[in-house]
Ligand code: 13P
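As structure tokens, one chain now follows by itself in the form predicted on its own.
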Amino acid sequence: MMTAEELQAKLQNVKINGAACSYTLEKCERLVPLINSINEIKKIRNAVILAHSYVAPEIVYGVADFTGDSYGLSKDAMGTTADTIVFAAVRFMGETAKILNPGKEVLIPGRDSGCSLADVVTGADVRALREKFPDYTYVCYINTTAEVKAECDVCVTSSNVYDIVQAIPNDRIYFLPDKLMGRNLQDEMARRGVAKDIKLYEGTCYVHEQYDPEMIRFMRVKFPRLEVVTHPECSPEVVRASDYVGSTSQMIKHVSQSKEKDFLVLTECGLVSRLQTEHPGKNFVGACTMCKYMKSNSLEDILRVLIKPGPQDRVVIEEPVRKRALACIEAMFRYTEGAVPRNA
């Protein structure tokens, strides 16, 4: 059983956007009964809780069994004996977990589990593109729905997109849905001397598109030894002005290994709160942006779906769609790992 004092000690360094994310003892006293109830009920239900790094700290450090990015978390779920997966994230991530874990019940507790990036493209959109550009290999970012993955050739993450696109035999690539990551992909292929005709879809993550290089220049004046760590969903102008660019997991690893003290981390606030908690000796400056979809996950709703999930909480994918989406993800495994995890 966790105490309020233990939770407060763990989260005392979280200082994001003022009092809203300040963990006083009084706040922790309100949270701990929910945390303890969740941890008890998940044992009874043989459930495992996955938490994306962007969700609230009390979820990450109070009830999560695994924390990370959507790709890593979905693979973590494959190694558990749990009957139920509660995925505190957004729906497309729950769909990825269901694709890889068809025999498990997957529940999404977020009240608003959409995504400005994933929701911009549909399976029908991809089919129409294939008719227009039939000679292209269709590469989808993992931040897409199951029906979109089912229409594409290979899935990629922010950590493996460059290497996979370079390795694809076809020199004609249609990358979707993130146009900013796509522009960074074009720049990286040019830097590597790889000739590819890369067409892009018009999607963006509303969190990452808000950052601009002017903010970086301003913060570097205030902090001369500042290290700028950026997610590749940001614009190429921001990427070029940064010191390190990588996925959420890569950003965490980089900051932990860096000898610098001052950091500007350009991604969703949840990752910054994780870094503040895990690296109290480092200084995280500047403002971050919260994702309203990720932050719609709460302890109250995790408890609710564990006790009595409704139809809207369950991730259901038609089997033909799931199998085709699985083939898209398996293609990624072949490119990156040389082996295909199977749980189908």
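Sequential numbering from 1, following the sequence displayed. The model shown is predicted, which means the values in this text are computed figures rather than measured ones.
The next section is about a form of this same protein that is not shown, the form predicted in complex with the ligand.
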| query | finding |
| --- | --- |
| Partner contact for residue 95 in the predicted complex: the ligand, 4.5 angstroms, heavy atom | no |
| Distance check, residue 58 to the ligand in the predicted complex, heavy atom within 4.5 Å | no |
| 4.5 Å heavy atom contact, residue 67 and the ligand in the predicted complex | no |
| The ligand contact at residue 184 in the predicted complex, heavy atom, 4.5 Å | no |
| Stretch in contact in the predicted complex with the ligand, which is absent here, among 253 to 261, 135 to 143, 213 to 221, 120 to 128 (heavy atoms within 4.5 Å) | 135 to 143 |
| Contact residue in the predicted complex, chosen from 235, 101, 158, 230 - any heavy atom within 4.5 Å of the ligand | 158 |
| Contacts with the ligand in the predicted complex, stretch 233 to 254 (heavy atom within 4.5 Å) | 233, 247, 248 |
